[in-house]
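A single chain, nothing else alongside it, follows as structure tokens in the form predicted alone.
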Amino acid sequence: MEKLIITAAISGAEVTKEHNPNVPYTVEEVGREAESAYKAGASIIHLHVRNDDGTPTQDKARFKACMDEIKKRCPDVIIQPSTGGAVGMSDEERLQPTELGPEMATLDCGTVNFGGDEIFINTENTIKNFGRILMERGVKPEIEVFDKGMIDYAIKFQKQGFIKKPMHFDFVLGVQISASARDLAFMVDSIPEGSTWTVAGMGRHQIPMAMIGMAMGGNVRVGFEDNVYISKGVLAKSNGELVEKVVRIAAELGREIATPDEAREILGLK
């Protein structure tokens, strides 16, 4: 098996300090959490940013400040800004961090029901526009997939020239599609040959899905965006603690951990 790429989603847009006081808001806190994950073995930092009061923002200047802080602490890490932002943001607002020249950024390939009345809208035109702009800016998309139909969209838009091969997918399980070995296998079997993939399980599903993904030869995402607990009822002290748990399990499964440069090779970023 290839070496394991660990992505740390260190903050997200919805989780707050009320959920876990270690969730980062400030630039310094973002740097601290990124560094903790990087030192534990993460080669990619999936990045949302906040204002100091915790309000999510896609402001380019705020992203730059956070990315500079991360690079100061973790010079070779891959920073992957989110173009998802938060529910209700405009397309133009969401795309701001891609102006900073990151190696990767997310590309959500469908609309998502997050619960209640919270709907994260991605129309066909939004997806195609984001794909085109990411190509123009030389940014590799991580295709965010919340159900099987989003894989079909990605394949269709790749054929239409809005996404380049080889594609990299992040399967987010436990939101719209269930977090199960059956559904992960179905998703993996549905992507084009030569694609790479990562699995992210929500909440209590994070570590079980990481274990299954590792055993299947895929890559994993952990972090406060998706889960704030290190074990049942016990809050994680840092994103690094969650990464350390994955690294221990990977060792038992015989999966070596990819460095950032090795992740670049695997993902075709070099």
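Residue indices: 1-based, along the sequence shown. Just so it is clear, the model here is predicted, and its values are computed rather than measured.
Quick note: we don't show the form predicted in complex with a small molecule, though the next part is all about it.
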| query | Does at least one non-hydrogen atom of F157 fall within 4.5 angstroms of the small molecule in the model of the complex? | reply | no
| query | Does T198 reach the small molecule in the model of the complex, with heavy atoms at most 4.5 Å apart? | reply | no
| G174 within 4.5 Å of the small molecule in the model of the complex, heavy atoms | no
| query | Even though the small molecule is not shown here, does I133 get within 4.5 Å of it in the model of the complex, heavy atoms only? | reply | no
| query | in the model of the complex, which of 69-77, 160-168, 179-187, 83-91 comes within 4.5 Å of the small molecule (heavy atoms)? | reply | 83-91
| query | Thinking of F63, L95 and K140 as the candidate spot, does the small molecule come within 4.5 Å of a heavy atom on all of them in the model of the complex? | reply | no
| Which one of V23, A250, A258, A13 is close to the small molecule in the model of the complex, taking close to mean a heavy atom within 4.5 Å? | A13
